[in-house]
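Next up: just one chain, as C-alpha cells, the form predicted alone.
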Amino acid sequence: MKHQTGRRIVATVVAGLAALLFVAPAPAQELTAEEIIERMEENQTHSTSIMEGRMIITDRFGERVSTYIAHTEGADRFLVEFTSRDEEGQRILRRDDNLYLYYPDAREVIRLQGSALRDSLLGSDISYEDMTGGRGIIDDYRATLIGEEEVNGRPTYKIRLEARGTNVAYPEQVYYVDREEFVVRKSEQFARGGRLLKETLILETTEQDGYIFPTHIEVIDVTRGSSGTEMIIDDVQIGVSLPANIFSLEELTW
C-alpha cells in the first residue's frame, strides 16, 4: 500500500526523522491538556511497524532525496537504514534512550551524546536530538491548553509545553492537536527566552488498523534559513513481526 508522507519518525525518523489508536473525540470542555496529549501519544504509538520513505532536503544547492527503511517497536526503539546510493548502509539505532550511528565504510558504531546530538541528519532540518524524544511528554513537560486554532482547515487544540527540566531538546514547544483525530497538525519549538527555532507542519495523514498518523511532514529549521525538509512515508505496515534482536548493537553491523 502506497501513501505520500519524515514518525517522531518521528517516528520521530522521522525521525525524527520521527518522527506520531483513533479515539472518538469528547467535547472540548471535558478534556484537559494532559488528556489531549495522552490521546495523541496513544494514536502515534504502535506495537511494531515497518515503514519505507523518503527525505527530501532543499537548500541553496538544490534538492536531494534520501530513501530509507525504518523498523519501530513502541515509542522508544527504532532502526533506520538508508537505502539511497550515497548513504546506502548507514543506520541509526535508538535503544534504551541511547542513539547510535553505524557507517558501513568504516564499519564503526558511534554513540551520539552531548553536543553531537545537535548535528544535522544528512544536512537536513532534522537534528539527531529531534530523534531522542518519545512517549511520556507529560513526564518532561508541563502542558497548558491555551486555545483552539484552525490548521490547514482542521480545528485543533493549541497546547503549550514547558520543560520541567533540562533533559529535553527544547525548553518550550507548542502543539496543535487535531480535535477529532488526535494527531499533531503543527508544532513549534522554541529556545529559552521564546525565540522560534523550528516549525513542523503535517501536510498529509493516513489511517490504518485504527491508527491515524502523519505520512507527509515538512520541517523548517528557522535558524538555518533553509527551504525545509520533507519526510514522506510511501509504505507502512503496522503490527508486523520483526527479526529477532533487530534493535541490538550486535545486529547493527550486519
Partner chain sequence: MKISTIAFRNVFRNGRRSLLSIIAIAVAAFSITMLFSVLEGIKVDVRHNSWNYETGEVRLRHAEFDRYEHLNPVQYVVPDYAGIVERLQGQPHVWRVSPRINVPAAAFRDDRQIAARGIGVDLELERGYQDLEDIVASGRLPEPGTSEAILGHALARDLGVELGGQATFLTQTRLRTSNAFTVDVVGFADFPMAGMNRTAFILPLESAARYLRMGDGVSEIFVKSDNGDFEALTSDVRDAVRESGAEGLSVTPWTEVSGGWAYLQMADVVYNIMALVFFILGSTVVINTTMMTIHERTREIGTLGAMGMHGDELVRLFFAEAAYIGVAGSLAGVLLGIGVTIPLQQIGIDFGVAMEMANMDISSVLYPVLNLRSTLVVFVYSSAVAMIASVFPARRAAKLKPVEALRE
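Residue numbers count along the first chain shown, from 1. Everything numeric here is computed off the predicted structure, so don't read it as measured data.
Separately, the form predicted in complex with the partner chain exists; it is not shown, and the next lines address it.
Annotated contacts: Arg107, Ile110 and Asp119 all touch the partner chain in the predicted bound form [non-hydrogen atom within 4.5 angstroms]. A residue is said to contact a partner when one of its heavy atoms sits within 4.5 Å of a partner heavy atom; Glu63 meets this definition for the partner chain in the predicted bound form.
At a distance threshold of 4.5 angstroms between non-hydrogen atoms, Glu150 is out of contact with the partner chain in the predicted bound form. In the predicted bound form, the partner chain lies farther than 4.5 Å from every heavy atom of Glu218.
Using a 4.5 angstroms threshold between heavy atoms, Glu180 stays clear of the partner chain in the predicted bound form. Interface residue among Glu34, Asp59, Glu199, Glu41, judged by heavy atoms within 4.5 Å of the partner chain in the predicted bound form: Asp59. Stretch-level contact analysis of 180-188, 141-149, 154-162, 87-95 against the partner chain in the predicted bound form, using heavy atoms and a 4.5 Å limit, identifies 87-95.
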